[in-house]
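Single chain ahead, by itself, as structure tokens, in the form predicted on its own.
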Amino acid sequence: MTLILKPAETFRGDYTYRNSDEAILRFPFPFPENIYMYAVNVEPHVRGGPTAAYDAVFDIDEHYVGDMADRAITLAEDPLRCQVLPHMAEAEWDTLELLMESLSSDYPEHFTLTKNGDEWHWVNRPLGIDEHFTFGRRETLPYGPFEYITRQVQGDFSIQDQRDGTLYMDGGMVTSQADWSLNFDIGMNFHEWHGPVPLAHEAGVFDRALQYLLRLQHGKPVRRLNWTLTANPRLDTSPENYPMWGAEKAEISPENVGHRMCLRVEVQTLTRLPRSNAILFGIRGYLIRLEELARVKKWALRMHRVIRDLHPLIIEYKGMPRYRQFIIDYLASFDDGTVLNSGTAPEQDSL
């Protein structure tokens, strides 16, 4: 696949982030039906899907350079956004190998990995990185292997250790999360870090999901979608930095909701790592302004109906009580009552 990268955009301050027509049409829209309720909604993570966002093992898009620059800013301000517990060293190297092999295979014009035994050569052309190192020797890299490679891949990552019949979040690179904290969650087990989610516990969603993941096999990764809403295309919506972005939510109005309110979708991938038996949890986030999303008729209509009919507890959990009506009113102007097909594909080839 040929990937054209934009110059660095900003995800804070003046917010120069914009989606091209191609980026809009490849967006992983999350609602296959007109109603939404929590579900396990796990499927095999194979190449191909409703849009081009599913064509690679780890998706890189036009925003790559700006995304990685924003990660570097966040890490400089708060190094604890990347933490790995000492017993996860083998999983760190597993992660580095998986991500390097995937990127060099899917985007050879931008990334190259050459192996000569344990002597490896990694080239990342968009970021100007050319690194010779010894696989398995931490001192031959400028950062630990997990931090080194996740500084170069879009999306957040955590590594789950499997023991005592559950999963523990024992490492992560988390700079673009939807209001949760790695520093708070690190070391927690599966049910503990999912504790705040309403309705799903009562429905047994997380019990079923855990049992499914404990049986996850190497070579058979899976994926699911999650979503939330964000004021402005900001990647870092962490609890630690709430004073910086929380006030922006209060600035949403009927006049600016189309431009400033963004749908944030996460394509979450879970991959069993071969040496450590840990699970790599990738959280690849995408942002689209409502005015961009509304250019796809099916998505505008479906999102209008989903937000209009959300369960009250989900409305509260997603943090949208104040501006939900603004979104409904804005999208209602696009909803002509057309009956929609199920599924998330845009069903149009151009904008």
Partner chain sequence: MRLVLGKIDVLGPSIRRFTLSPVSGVLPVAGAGAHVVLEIPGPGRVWKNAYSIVSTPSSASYEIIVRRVEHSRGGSAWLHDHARVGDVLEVQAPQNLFPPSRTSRRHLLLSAGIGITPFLSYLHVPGLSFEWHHCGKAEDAAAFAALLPETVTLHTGRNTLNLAALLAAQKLDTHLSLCGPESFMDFALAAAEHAGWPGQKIHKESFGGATGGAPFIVHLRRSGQSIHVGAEESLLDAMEAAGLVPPCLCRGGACGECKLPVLEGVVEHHDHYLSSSERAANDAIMTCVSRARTTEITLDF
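Residue numbers count along the first chain shown, from 1. Note that the coordinates shown come from a computational prediction; the quantities given were computed from them, not determined experimentally.
The form predicted together with its partner chain exists for this protein as well; it is not shown, and the discussion that follows is about that form.
Contact with its partner chain in the predicted complex, defined as any heavy atom within 4.5 Å, is confined among 162 to 170, 254 to 262, 142 to 150, 125 to 133 to 162 to 170. Residue 208 is the only one of 208, 121, 137, 191 with a heavy atom lying within 4.5 Å of its partner chain in the predicted complex.
Checked against its partner chain in the predicted complex, the candidates 239, 187, 246, 274 yield a single residue with a heavy atom inside 4.5 Å, and that residue is 274. Contact annotation: residue 78 falls outside 4.5 Å of its partner chain in the predicted complex, judged by heavy atom distances.
In the predicted complex, none of the heavy atoms of residue 52 sits within 4.5 Å of a heavy atom of its partner chain.
In the predicted complex, at least one heavy atom of residue 90 sits within 4.5 Å of its partner chain. Contact check for residue 44: a heavy atom falls within 4.5 Å of its partner chain in the predicted complex. Contacts of stretch 207 to 224 with its partner chain in the predicted complex, defined by any heavy atom lying within 4.5 Å, are made by 208, 211, 212, 215, 217, 218, listed in sequence order.
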